[in-house]
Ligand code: HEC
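The form predicted alone is given below as one chain in structure tokens.
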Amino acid sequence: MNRRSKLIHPLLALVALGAIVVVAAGCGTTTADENRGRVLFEQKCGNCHALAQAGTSAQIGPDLDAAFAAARESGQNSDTIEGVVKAQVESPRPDNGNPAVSMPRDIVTGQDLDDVAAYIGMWAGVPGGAPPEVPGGPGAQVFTNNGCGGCHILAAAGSGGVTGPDLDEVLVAGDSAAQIEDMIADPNAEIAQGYPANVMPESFGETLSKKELEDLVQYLIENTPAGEGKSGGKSSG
């Protein structure tokens, strides 16, 4: 009994999910695509979990960097973390309707699960984790750094999130920089049709610097119909 407890104890630190955790032996997936896993994480997981490398900051579910930092420091490798993630996704705690302490079963499955688990295994708890540098200028980097693609479709960013509205459709010709800035800083002031309130964080007006917010707004103007007909914006042809 004591020996079994000693074996399990190091793995308990891997998942800070409350009193009940799933302990799983790690087994790396040789066919996993971590880059694809990052995109899937943004789309499927980033609206609940914070992960620095994904640029997500949601606090509905556990912060995955915090959850796995101690385990990584103690010598647990990426394969072990990957195995724990897969077990937790496949067999989460019973859903009690509160997403803060439970998540839906099989939110990703098959190859999608392999890719997401491998991605989390590679980056969760890694000191200094940060989103990769992307082309498109400073506004594109702000978009990536803050996990916007995990919730929104934007063709220019190659993002496919569906938690929030499609930016290629909701930002239309005539939208001004001030209007788009208001949409970011005060998202509940005007809710896009078909989407509930309180989905998008209301903190971007505070967490983004004035320069970052300006860069993001300009990037959106230049890469959506909002820029049509404006000097330096997206052309209509």
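For every residue, the number given is its place in the sequence shown, counted from 1. Keep in mind the model is a prediction, meaning the values are calculated, not measured.
This next part talks about the form predicted together with the named molecule, which is not shown.
At the 4.5 Å threshold, heavy atoms of T163 reach the named molecule in the predicted bound form. Within this chain, A71 is remote from the site of the named molecule in the predicted bound form, having no heavy atom within 4.5 Å.
Looking at E190, you'd find a heavy atom of it within 4.5 angstroms of the named molecule in the predicted bound form. Taking non-hydrogen atoms only, N146 approaches the named molecule to within 4.5 angstroms in the predicted bound form. Taken together, P62, Q88 and V116 are fully in contact with the named molecule in the predicted bound form: each brings a heavy atom within 4.5 Å. This chain appears without its partner; in the predicted bound form, the one residue of V39, A52, A32, C48 with a heavy atom within 4.5 Å of the named molecule is C48. Interface residues of 150-183, taken as those with a heavy atom within 4.5 Å of the named molecule in the predicted bound form (partner not displayed): C151, H152, T163, G164, P165, L167, V170, L171, M183, in sequence order.
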